[in-house]
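One chain follows as structure tokens, the form predicted alone.
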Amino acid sequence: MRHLLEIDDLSSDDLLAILGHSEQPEPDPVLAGRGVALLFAKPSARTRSSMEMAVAQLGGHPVTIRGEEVGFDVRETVEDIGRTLTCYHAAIGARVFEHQLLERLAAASGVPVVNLLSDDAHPLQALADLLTIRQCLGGLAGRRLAYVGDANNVARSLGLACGLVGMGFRIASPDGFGFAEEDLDRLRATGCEPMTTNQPDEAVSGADVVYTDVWASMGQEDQIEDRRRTFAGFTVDDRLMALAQPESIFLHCLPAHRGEEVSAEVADGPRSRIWEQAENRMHTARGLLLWMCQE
């Protein structure tokens, strides 16, 4: 059973195979006549659109289900939801708050389970990020990525992905917002030796890719003002991008708050690849499902 709950559930070879599948212009319709259940406890724009289109491009039928329609552990246990959906679908995707819910769902499911996002991880975003970097820079191994901001679920999955493909990973976060030691140990287990700092200039200097995310993620709305004060000085702007390699690119998982974590000049500037990155969410979702379901 091939589940994807976090990016290091994959081997390096698996990850590269998925990226290869993602670039197939006419993939096999491995989901013809089959459904894929997409559970959303969190609202979504890119994830829902990219996953529904990916399923359709493989000949399948996406069934999007809101969290209140299944009522995790309220109307029905997570385990019974997984067993029920297994009766109808070739795979299950879930976008949730608690990562443990995904682990329970996978343990009960008789079909592959995909993490569409949890508070701990965002592996689908990491796949799209790697595909974008490879397409824009011509390769992955040896490239250096600098992440500026909160060491959140996006940063965690991205760092693990960098380690799996031989990329250098640096992260600049305010004090108290960096990775826990167990996260750093997990990054090191992929072969990555992460560079951590509280100075964005240090992280970005000489980088091939500069990446950021919002300062307050979904579910942290009550922290917005405090985080704006804490993250002052962590905006990716033209001055910071000038420290990166001349051919460097800028990435952001979106949605972006121009004037906070990134300036409008960078987000909409010539080095930005955020729209290629957004499109690649669909291509890598398709590549992942193809890899999961064809063997």
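A residue's number is simply how far along the shown sequence it sits, counting from 1. Since the structure is predicted, the reported quantities are computational estimates derived from the model, not experimental observations.
There is another form of the same protein, the form predicted in complex with ligand CP; it is not shown, and what comes next is about it.
Novice: When you measure heavy atoms, are P43, R46 and Q125 every one within 4.5 angstroms of ligand CP in the predicted bound form?
Specialist: Every residue of the spot touches ligand CP in the predicted bound form.
Novice: Examine R95 and determine whether its closest non-hydrogen atom to ligand CP in the predicted bound form is within 4.5 angstroms.
Specialist: Yes, R95 sits close enough to ligand CP in the predicted bound form that at least one of its heavy atoms falls within 4.5 Å.
Novice: Do V30 and ligand CP share at least one heavy atom pair within 4.5 Å in the predicted bound form?
Specialist: No.
Novice: With the partner left out of view, is R281 within 4.5 angstroms of ligand CP in the predicted bound form by any non-hydrogen atom?
Specialist: R281: contacts ligand CP in the predicted bound form.
Novice: Even though ligand CP is not shown here, does C253 get within 4.5 Å of it in the predicted bound form, heavy atoms only?
Specialist: Flag for C253 set to yes.
Novice: Going by heavy atoms within 4.5 Å, which of 22-30, 223-231, 53-61, 253-261 lines up against ligand CP in the predicted bound form?
Specialist: Only one stretch passes the 4.5 Å heavy-atom test: 253-261.
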